[in-house]
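For reference, the chain that follows is the form predicted alone, supplied as structure tokens.
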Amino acid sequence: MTLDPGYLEYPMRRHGMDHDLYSWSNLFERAPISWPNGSKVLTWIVIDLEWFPIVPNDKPFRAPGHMQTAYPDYRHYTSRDYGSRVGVYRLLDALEKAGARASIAANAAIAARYPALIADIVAAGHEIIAHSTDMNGTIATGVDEDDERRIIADTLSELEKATGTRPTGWLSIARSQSFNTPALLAEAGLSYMCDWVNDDLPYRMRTPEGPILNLPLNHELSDRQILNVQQQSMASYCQQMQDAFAWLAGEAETFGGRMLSLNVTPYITGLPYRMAEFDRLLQWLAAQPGHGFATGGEIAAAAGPQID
């Protein structure tokens, strides 16, 4: 079968990036970033607080972690619910002991269904970032632009109603976007998003609706990828996070501030046989010279003025 020549025709193909959202740059040739309080490495913890409808939506795709067996899939539904009932409170306790504040990526449905949980998170000083309406609120190219705009608006409105503060950060389900998403997020007034994972530091995107920062939330460092997909142990996960910190701290000595992102899921890490290791990891990070914990909003505020 002969390939249609049209597949090779792309007007944006050129030297550098094949889009106009940002210019290519070498991480090791950029002006160094300075973090508050003289920190060399900031650990950014993002906890995914998700509500899965018991009937999944497969358009444009089924969200990772969604229902898998015939309806009613109580096994997976209740295990996800365990994260919101039990696991998240274990994570919040571990954060408090380590003196760490995190970004909680919450579905709007969590705020509507569990307002007491959201109130506890806000009272503890953590940041709420927007994580769509619920786990059927997936986005990809092919979703009507007005429908995507409505998902963003409904999410922000529900979270603002629950917390009194409009979120400034956005994490898409499965980090999936359409070609319209960066502009729609900027249009909605969001300061940063977490979906593009192609860097170790924040960078600025240019959209028709104005600029927006991208804070890369590395999927390969997530508990879902290491513990569920790769089936590794919690001890191995924690060792990998320590190794990542050590490498980034070494780079920071020469190239300026670095960022370590930890993406954590309550129904995965919040299980009792994993919590002791996670607790020790946070305590270890807190004790490292030149280390600090920061929310996404704090990182965006510190990095934004320093980025071209």
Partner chain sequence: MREGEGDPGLYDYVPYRARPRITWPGGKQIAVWVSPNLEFYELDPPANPHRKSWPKPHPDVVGYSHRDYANRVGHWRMAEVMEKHGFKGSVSLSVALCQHVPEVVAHANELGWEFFSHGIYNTRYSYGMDEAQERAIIEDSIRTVRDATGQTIKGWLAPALTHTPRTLDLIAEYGMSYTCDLYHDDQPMPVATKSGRLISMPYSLEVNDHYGFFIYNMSPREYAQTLIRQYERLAEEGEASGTVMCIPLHSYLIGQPHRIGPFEEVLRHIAADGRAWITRSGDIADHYLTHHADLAGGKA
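Numbering follows the first chain given and starts at 1. No experiment lies behind these values; they were computed from the predicted model shown.
Beyond what is shown, the protein has a form predicted together with its partner chain; the following relates to that form.
With the partner removed from view, the residue among S157, T165, T141, T78 that has a non-hydrogen atom within 4.5 Å of its partner chain in the model of the complex turns out to be T141.
At the 4.5 Å threshold, heavy atoms of L281 stay clear of its partner chain in the model of the complex, well away from it. Put simply, A119 is far from its partner chain in the model of the complex: not one heavy atom of it is within 4.5 Å. Contact check for Y203: a heavy atom falls within 4.5 Å of its partner chain in the model of the complex. When contacts are judged by a 4.5 Å heavy atom cut-off, G16 counts as touching its partner chain in the model of the complex. The candidate spot formed by D195, V229 and A244 is fully in contact with its partner chain in the model of the complex: every one of the three has a heavy atom within 4.5 Å.
Comment: 178-186 is the region of 79-87, 178-186, 148-156, 96-104 lying near its partner chain in the model of the complex, near meaning a non-hydrogen atom within 4.5 Å. Of all the residues from 16-55, those having a non-hydrogen atom no more than 4.5 Å from its partner chain in the model of the complex are G16, M17, D18, H19, Y22, S23, W24, S25, N26, L27, F28, R30.
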